[in-house]
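A lone chain, given as structure tokens: the form predicted on its own.
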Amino acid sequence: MKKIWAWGALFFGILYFTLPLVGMTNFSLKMRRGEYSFEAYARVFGDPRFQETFTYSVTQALFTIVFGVLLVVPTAYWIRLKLPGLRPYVEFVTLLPLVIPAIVIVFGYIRLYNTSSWLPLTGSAFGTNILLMFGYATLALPYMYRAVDTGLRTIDVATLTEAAQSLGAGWTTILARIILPNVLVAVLSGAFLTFAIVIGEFTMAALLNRPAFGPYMQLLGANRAYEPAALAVIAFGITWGCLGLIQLVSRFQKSAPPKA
């Protein structure tokens, strides 16, 4: 009986997630009356605004990933090595973006860094881009930190550090050539999640008035019929592609031996 319920729950879950996607995909292919076509997808890819906003969001995602790695990896490493007592407090702080809405965070940014403040980041496009990157890094912090912390649990941080120091390695060398290669798979998992978050994020980019992919999807959805469905399928494919890459790199994490 339990097996029947388990299969029933699995079947219901598959239907729950796939039927809306199938219906949306079917609708996106009906732009030409009476036949299936990729006309909506062609118009989306041919739209200069799509190319501009997608390129902008991909660029922001790459910078956010780099910033997140530089922030999280040394922090998680140092806490696990020298300050294990602070770990619960750091974990609590990293979980705050999950309970604090993005709109609250971005309004705080606008209030603190407007043109009349001591650091007027919103006064220029470059400054606003930096502010948006910090916002994206904040939203991705719970996922990046958890991924890196999980990777650090699989290796003996203290032994690797002592071995490297006995050979004369400094802290920068230890992080770059010993710790990072051993948690690279975990870092990549966090990076793919960060990429998926940045590509679909709307609130921060819209309120900071930046040409990101999320606001473009909302604008297109308010003015078109078939193109938004095609764009949603594309965004869904990007997200699932990132999840697939996470699963792929996770297999290497399970089988790869620690590097010394």
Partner chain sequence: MSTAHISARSPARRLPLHWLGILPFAAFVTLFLILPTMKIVVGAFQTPDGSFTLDNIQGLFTPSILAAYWISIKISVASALLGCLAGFAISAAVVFGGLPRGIRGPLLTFSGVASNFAGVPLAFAFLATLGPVGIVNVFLRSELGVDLRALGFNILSFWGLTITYLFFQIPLMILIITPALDGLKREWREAASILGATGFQYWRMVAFPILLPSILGTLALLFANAFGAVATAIALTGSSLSIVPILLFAQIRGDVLGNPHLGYALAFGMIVVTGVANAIYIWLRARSERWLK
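We call the rigid core whatever largest set of C-alpha positions still superposes within 1.5 Å between the two forms. Residue numbers count along the first chain shown, from 1. Since the model is a prediction, treat every value here as computed from it, not as a measurement.
Unshown form predicted together with the partner chain; subsequent notes refer to it.
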Are Tyr113, Trp118 and Thr138 jointly within 4.5 Å of the partner chain in the predicted complex, each by at least one heavy atom? yes
Using the partner position in the predicted complex, report whether Lys82 sits within 4.5 Å of the partner chain, counting heavy atoms only. yes
Against the partner chain in the predicted complex, would Asn182 count as a contact residue? Criterion: heavy atoms within 4.5 Å. no
Quick one: does Phe202 come within 4.5 Å of the partner chain in the predicted complex, counting heavy atoms only? yes
In the predicted complex, Ile105 touching the partner chain (heavy atom, 4.5 Å): yes
Taking the partner chain as it sits in the predicted complex, which residues of 214-242 have a non-hydrogen atom within 4.5 Å of it? Please list them. Gly214, Met217, Gln218, Gly221, Pro228, Ala232, Ala235, Phe236, Thr239, Trp240
Fitting the rigid core first, would the Cα of Leu243 be found 2 Å or more away between this form and the one not shown? no
For Leu15, is the C-alpha shift between this form and the one not shown 2 Å or more after core superposition? yes
